[in-house]
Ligand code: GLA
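What follows is a single chain, given as structure tokens, in the form predicted alone.
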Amino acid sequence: MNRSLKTPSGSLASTLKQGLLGLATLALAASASAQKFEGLALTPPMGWNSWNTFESAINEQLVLDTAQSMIDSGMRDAGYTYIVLDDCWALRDRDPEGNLVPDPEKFPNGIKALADQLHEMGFKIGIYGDAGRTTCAGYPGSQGHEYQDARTWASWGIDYLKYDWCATGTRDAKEAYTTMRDALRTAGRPITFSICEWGDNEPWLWAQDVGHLWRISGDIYDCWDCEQEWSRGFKVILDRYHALKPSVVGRDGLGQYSGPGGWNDADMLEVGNPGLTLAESRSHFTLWAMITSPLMAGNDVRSMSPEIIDVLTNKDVIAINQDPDGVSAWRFGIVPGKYETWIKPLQGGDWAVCILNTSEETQTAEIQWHRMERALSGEFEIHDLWADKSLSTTHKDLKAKIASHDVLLMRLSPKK
């Protein structure tokens, strides 16, 4: 049968035209309003993530026990407010309506009930998703389900989304993460958006308008400087942070792209895990604080030693990370094979200065303060943050012995 399409005329044509114009206006308005939630992550997020220690062996009781241990150890009150469920929390298949389903053996009461309990305990809850067809462990990814999954997570009371990059094929990273950003915004619940893209597509150049933090490398591993196929020690990640994208304003590294509301993420902490010595845990924590990376503990907090609790809850070191100005440290100098010096400006005219012993032996580090005159103007009082003691002032050059892979962290305050 011959079917002809007739052009509407008169008032009907006018009505249709106005309707189409209205839809276009709404689409433009929606596009303009689609942005990440503002007011979140004004300082680097702090919390705990399940992956480094437990990988797939997570469940409701583990999470609740972890939360209680974080209260008992002082971690919650020190600022560790996010508890993040990483990969393997869901069933292998979606339900008939295409929804993600929590594994009932691991989470018999569902994620919303767990979220409610964590909220009552003074925490926020995070969850894991992936921009591909599957997650890294083979569970359902969110590609093609972005808006559905965002509504699901919002209905459960999720506060934080770690969004990975496995099984994405030829997908464009900026497009994929922007799609989930828009989906989260449409779902309506403010959710801190963690872009776990591994730094392959230089997210520091585009992610500020998309997420609240973005990974700069592959996965971390609990060692000093080892490298495996997908993971590496914290010193390797630190060197990557320093080396990438030199700044036109004289500060090397990625710090120039980071600040309140958007942070370079050097991955979760390995502090307290068996591959690191206590000195290396202290150095790892210190440098993550200096470069304003999120502080996401990855150890079993239920069985921490007192020394590791002291590292993770040191209020003066945390204050370096959480400084409201949010300026990241840069590597000021290096004595090859011996030690590095990192500096970071703080609110109110203070500075953080860190010396990291990179060698296998104790080193005597020396700072001639006048050589920092482009950064430090005037005389400063020096406080050793780990030893919690005064080190006089910058009127006199500093010499200090630092053990292998250990660190000296100082806060400098203008002398009154």
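All residue numbers refer to positions in the sequence shown, first residue = 1. A quick note: this is a predicted structure, and the numbers were derived from the prediction, not measured.
Same protein, other form: the form predicted in complex with the named molecule, not shown, and the subject of what follows.
Enquirer: Work out which of the listed stretches, 158-166, 182-190, 308-316, 107-115, brings a heavy atom within 4.5 angstroms of the named molecule in the model of the complex.
Expert: Going by heavy atoms within 4.5 Å, the stretch is 158-166.
Enquirer: Find out whether any non-hydrogen atom of Cys136 is located within 4.5 angstroms of the named molecule in the model of the complex, and reply yes or no.
Expert: Contact check for Cys136: yes, within 4.5 Å of the named molecule in the model of the complex.
Enquirer: Even though the partner isn't displayed, in the model of the complex is Asp86 close enough to the named molecule, meaning a heavy atom within 4.5 Å?
Expert: Although the named molecule is absent here, Asp86 would touch it in the model of the complex, with heavy atoms inside 4.5 Å.
Enquirer: Spell out, yes or no, whether the shortest heavy atom distance between Arg215 and the named molecule in the model of the complex is within 4.5 Å.
Expert: Looking in the model of the complex, residue contacts with the named molecule include Arg215, since a heavy atom lies within 4.5 Å.
Enquirer: Given that the named molecule is not shown alongside this chain, does Trp198 nevertheless sit within 4.5 Å of it in the model of the complex, heavy atom to heavy atom?
Expert: Although the named molecule is absent here, Trp198 would touch it in the model of the complex, with heavy atoms inside 4.5 Å.
Enquirer: Just to confirm, with a 4.5 Å cut-off on non-hydrogen atoms, which of Met268, Ile291, Leu276, Ile127 contacts the named molecule in the model of the complex?
Expert: Selected option: Met268.
Enquirer: Please tell me which of Trp369, Trp51, Trp351, Phe380 lies within 4.5 Å of the named molecule in the model of the complex, judged by heavy atoms.
Expert: None of the others qualify; the residue that does is Trp51.
Enquirer: If we check the named molecule in the model of the complex, which of the residues in 219-237 reach within 4.5 angstroms of it by a non-hydrogen atom?
Expert: Residues within 4.5 Å: Asp219, Trp230.
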